[in-house]
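In structure tokens, the next block holds one chain alone, the form predicted on its own.
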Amino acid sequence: MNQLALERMSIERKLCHAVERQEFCLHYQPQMDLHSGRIIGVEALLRWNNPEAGMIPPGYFIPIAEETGLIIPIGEWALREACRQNSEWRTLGLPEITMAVNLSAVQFRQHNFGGMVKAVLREHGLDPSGLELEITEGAVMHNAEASIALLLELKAMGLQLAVDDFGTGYSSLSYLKRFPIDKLKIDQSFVCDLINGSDDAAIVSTIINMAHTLKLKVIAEGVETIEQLSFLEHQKCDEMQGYYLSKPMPPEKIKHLLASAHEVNNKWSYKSK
């Protein structure tokens, strides 16, 4: 227990200086439209390469950042960098895509969050439609009425809004229909067991049907096999991401991937480098 406490204190100390020392970077995982095969977006994923400790997994340092409040400056840096990067890709004339950025519950509740997002978009000249914010069920349900007001503010800017890890929290359907969201993201814990005769297949099918009834799009994450992909296509899922398509990549590789886009028989194809 002492060792764990010391490690945590060490991570917290290093986190305090990580942004100013430029130790963070973003990798991007492509998101594909299942009907056309076109890459329509990427999800920005935070990476931390500390000079002393090396590459520290997000699952280890993000909870500490949330508990200490350090997620506020870290999250703002990630949002700015993601918007800057998408603006740069568009300036280069690459196919326009949506940049998906995760928000923690702490960020979602910070004062004047909407104003900060608006300032970041203006700073980098990115059209609001080029940014998608992913919010977990827990974050939006913590204070549902306040969440609705903030989501309406963000939606009025022209942003895309998605509920992340759908199915793992405690959504109320009476609130879900009031949230001005565009997309539900099926958690990978449901996708990984799709074809093994489990209840996950029924859950995924139900989520897709419910979302379409509410006129929402659905994206499945964690797709790793052709069997999972085929199931999702058969159920008319709209979009997917996962290792079957691509692992998260640094920005240069995404640039080459987008530049290689070509259409054959109404289906898009890409060459990874």
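Since the model is a prediction, treat every value here as computed from it, not as a measurement. Take the two forms, find the largest set of C-alpha atoms that superpose within 1.5 Å, and that set is the rigid core. From 1 onward, residues are counted along the sequence shown.
Not pictured, yet referred to below: the form predicted together with a small molecule.
- In the predicted bound form, the small molecule sits within 4.5 Å of a heavy atom belonging to I62.
- Heavy atoms of Q107 reach within 4.5 Å of the small molecule in the predicted bound form, making it an interface residue.
- In the predicted bound form, E132 stays away from the small molecule, with no heavy atom inside 4.5 Å.
- Contact check for V223: a non-hydrogen atom falls within 4.5 Å of the small molecule in the predicted bound form.
- In summary, among the residues D200, D182, E153, D165, the only one with a non-hydrogen atom within 4.5 Å of the small molecule in the predicted bound form is D165.
- Interface residue among L70, L229, L46, I208, judged by heavy atoms within 4.5 Å of the small molecule in the predicted bound form: L46.
- When contacts are defined as a non-hydrogen atom within 4.5 Å, all of Q29, P58 and A78 contact the small molecule in the predicted bound form.
- The stretch among 31-39, 229-237, 214-222, 200-208 whose residues place heavy atoms within 4.5 Å of the small molecule in the predicted bound form is 214-222.
- After superposition on the rigid core, the Cα atom of M55 is displaced by 2 Å or more between the shown form and the other one.
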